[in-house]
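Coming up are structure 1 and structure 2: the same protein chain in two forms, each one given alone as structure tokens.
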Structure 1
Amino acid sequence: MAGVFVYSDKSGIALELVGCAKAAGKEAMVIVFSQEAAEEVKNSGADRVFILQGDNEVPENYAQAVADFLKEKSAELFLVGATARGRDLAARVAGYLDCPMASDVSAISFGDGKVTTERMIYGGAVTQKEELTGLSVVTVAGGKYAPIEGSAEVETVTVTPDNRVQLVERAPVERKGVNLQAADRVVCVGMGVEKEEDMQMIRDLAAVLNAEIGCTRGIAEEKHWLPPEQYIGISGAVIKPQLCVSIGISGQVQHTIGIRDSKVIVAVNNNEKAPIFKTCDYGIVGDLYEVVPLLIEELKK
């Protein structure tokens, strides 16, 4: 059984990856680790769903079992959703197989015994096209491919997980009501804001725009003015709103990679040489303490 084997700890992404493989005319098999997960992907249009059953609650602990299974099935590609868990499992499987892997790709195409991928390097400033030969591992973020429908046969295979890493507890991360990924408008704030109390002005701007608030890594991780879920960039959230208003952000690529899927980007910065002006549609060079109140006033009209 050659073909593409798909895994994601988020069923929604697994469905998309099946769509990706089938659109390329490949056989698609989904790997899951529980009956519940199998239920969520059995109408994915995959050719088969395999439950790798073992007595461990941490998916990453099945890496060796997955690697052995892929070899046994003569898989051509292990296609994995690029979540924290997915990336870890994928890289461990690649390690056990000692095979090539492309992480977080933006494009994938299938050739004869090869896959060609594109991914970003240097914080998003540069794209690199790579060709992987033989059994390979690729991770892809959610939201890139359309799911399809169709029932799949489910087969259970008993495997032995690695029990050396033991789960102690899981605590859900409390989301504070901000869903940046789904937001239509986002006001994004950076280190140009001088004091924490000035964040009120940003909240006022967001309110008049009916926008969510995002920030740079510095605001979340150094200043702690906003929770880490709200920082936007290569290691944070990636947004795709209709409108992104960038306030006091210099525009380093590590941040702009997170906003560049926005339809329209407006930037306010007092430094005319700031790189943000190269990544925006409309730019105002000026003091944010003068511009933001004027912007609020104008938008109220």
Structure 2
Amino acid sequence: MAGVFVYSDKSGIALELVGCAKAAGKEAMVIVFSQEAAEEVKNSGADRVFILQGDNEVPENYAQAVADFLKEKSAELFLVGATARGRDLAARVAGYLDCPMASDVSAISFGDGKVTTERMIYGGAVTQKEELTGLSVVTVAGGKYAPIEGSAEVETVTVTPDNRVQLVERAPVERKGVNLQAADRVVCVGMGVEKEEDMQMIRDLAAVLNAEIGCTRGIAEEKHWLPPEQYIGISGAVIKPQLCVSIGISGQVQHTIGIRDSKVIVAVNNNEKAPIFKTCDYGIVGDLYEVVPLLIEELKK
């Protein structure tokens, strides 16, 4: 059973990876480790969903079992969501397979028995292209591909995990941010906003647009005006909304990598030479403290 096998501990990313494989004309199989996870992806449009069932709750402990399963099924690619858990499992599986691996890629193409990947390096200044032959492992961040729909047959396979690590306790992480990757409209704010109280103006713009709020790294990690989950960029969220409104953002490549897949980008900046104007579809050169209130006023009409 040649084809692309997909795994992500976040079902939304798994759905996107199935869409990636199917768009390339490949058979797509999803690997999960529980019946609950199977229910979340069984309508993903995959050709089949495999539940690798064992007596351990830690997905990383199934790396050897996954590697053996991929070899048994003559898989051509193991496509993994680039989450913390996904990266861990992917590296272990690649190690057991002794096969090529590409991490956090931005594009994948198939042809001539090879998988070609692209990813940004040196802070986004350079695009690196790699060709992988034979069974390979590739990790991809969410927000890169569109999911599809369609029912899949579910099959359970009993496997033996590595039980040297056991789950002792679960402690939920409290997140204050929003799911920007699912947002249809995003207002993104940068260091051009001078004071924290001026963020109300940004909230008002987002409200009238029915949009979520994102930010640059400085707003989240230096000024702490928004939670880290709302930081957009090469090491933050990667979004692809219908509309992204960029307010007071210079547009360095580390940030624009996170917004470049937006359908329409509108930018407001008082520096006509700001790099953001090379990325946006519509640019307004002006003081955001004058432009944003006018935008809000017009949009309310």
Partner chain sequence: MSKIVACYKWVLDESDIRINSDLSVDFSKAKGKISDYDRNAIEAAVKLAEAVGAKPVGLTFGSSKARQSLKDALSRGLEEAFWVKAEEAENADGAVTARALAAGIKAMGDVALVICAEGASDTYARQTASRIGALLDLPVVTSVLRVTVEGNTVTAVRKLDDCLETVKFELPGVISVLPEAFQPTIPGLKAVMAAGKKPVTEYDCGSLGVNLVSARKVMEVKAYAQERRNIIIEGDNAAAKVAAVVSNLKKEGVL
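The term rigid core refers to the most C-alpha atoms you can superpose between the two forms while keeping them within 1.5 Å. One-based numbering along structure 1's sequence throughout. Since this is a predicted model, take the numbers as computed values, not measurements.
- Only structure 1 is derived from the form predicted in complex with its partner chain.
- When the rigid core is held fixed, the Cα atom of A65 travels less than 2 angstroms between structures 1 and 2.
- Taking the rigid core as fixed, one finds a CA shift for E229 of 2 Å or more between structures 1 and 2.
- Relative to the superposed rigid core, the position of the CA of A84 differs between structures 1 and 2 by less than 2 Å.
- Core-superposed comparison between structures 1 and 2: A220 shows a Cα shift of 8.4 Å.
- Its Cα shifted by 7.9 Å, T256 is compared between structures 1 and 2 on a rigid core fit.
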